[in-house]
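What follows is one chain in structure tokens, specifically the form predicted alone.
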């Protein structure tokens, strides 16, 4: 969840690292820091609580250096303080470290180090790691000290280490992503490609249990288990730097909402042979599971509905964090379809590890196909959404909707029917993504901005969309938003409705329409304020958000006005929609 950037090369390290940290802001963080080592063997460190976006190099006042490390921290162990911010020094101040992940045996290791005389300056588990390295370094090389330390710590972790002599960077990965970027006489190590994308598109991906040692602008790779040298494949990524920028938009979130004019159609471009091949696997599987977290979990729930309605196929949707409790149902004939934007979601990776113990086949629906999940999966469907920078996912979600729909139509035996319908939907989405519609959304946002609660109702395929809608409103506006299957109203939720309570109803032009409108009338009779998202304006609506009539694919368009509504609610309430409080883009810790 934190962001790592390290640099060794011919340019000023502080400049490259600060640039990289600013490009990693989207991951979410509460503090940041940078450390560099000069040619004279001295280390200099700056740490600060808050944002780095407006920080200038001049204000840091760091000396010229050509090697260094930087970090944006999202607090796990210890509060949001300068002392807890990274990088962390070892007790003797000769080694400095940045760390992503959680050391699960932190307390045990801390006690052992205290017995040896180590004193800690922070509350973090990261300081335990750097002091373990110092302790081993007394007898072995830095590389070997790092390797031994990684054997000692439990959990999913990634670290980058720098010693005061400034001769080498050493990084290891075990469950938390690290990517090595190679330019001309320079090397970058980062949590994600945007940190160095403007300087190089040539990368190596570190896998779990691997280490990289960077000396004189060249990376060498090693196996953490035995320390032996290994080879890694060099890859050229196809992300253009301008894709990662806002352009004329105020925020990444609104840009990415508008990107859906193109990304939805691009997502339809899937390999038909591979779709049919996976469809055969789904038909033959003895128990299939759809697995994801957060918004991706809502996509999985939608998949459960789509496979049932389109292909008459039962597939179980399970939140990744709960998947291990279904271990008893798994066999070598089971199938697992995982959904992730980043491809690095810790709970999803753990779910895959659980499934692989029973030799379950893994299918990935991913935006980042070169990710950990991409390498673990047997088949990968790229959603072609392009880089998504806002923490709240928008264009990736609709692209995942598309791929899930295509898989269901493949299971039905008619991929072309699914593609034709989705291409038609993509063309009709354009009418919602324009300035006039945005102004109408803003009027509704003004009505809702001071409300404490919002409820969202759906039926059938719109139940998961209601769930995703509640997530969006929560993330961006911090308003309490909750979704319900409309048929459940009489079983409890109706008690929440009082005069003026805003209730968004998602209406599709399908066999659920009449029942959905009836539920809206029930709410209206109790004083609720009805905001209808529907192809038609109905008398029960107090406010109407028009969407095109796309029949049984209403889930594709009904989410768009809620994305826009969430964005403008956040703006009107003074929040930064790209960086919601307490949240991170890529959840790489459990």
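Residue numbers count along the first chain shown, from 1. Here the structure is a predicted model, which is why all the values come from computation and not from measurement.
The form predicted in complex with a small molecule exists for this protein as well; it is not shown, and the discussion that follows is about that form.
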## Note on the structure
The one residue among 519, 84, 342, 288 placing a heavy atom within 4.5 Å of the small molecule in the predicted complex is 342
### Task
Work out which of 187, 392, 197, 403 lies within 4.5 Å of the small molecule in the predicted complex, going by heavy atoms.
392
### Message
Quick check on residue 90: any heavy atom within 4.5 Å of the small molecule in the predicted complex?
### Response
no
### Query
Does the small molecule come within 4.5 Å of any heavy atom of residue 129 in the predicted complex?
no
### Query
Do residue 155 and the small molecule come within 4.5 Å of each other in the predicted complex, heavy atoms counted?
no
#### Entry: 4.5 angstroms heavy atom contact with the small molecule in the predicted complex for residue 259
no
### Summary
Only one of 426-434, 465-473, 199-207, 280-288 has residues with a heavy atom within 4.5 Å of the small molecule in the predicted complex, and that stretch is 465-473
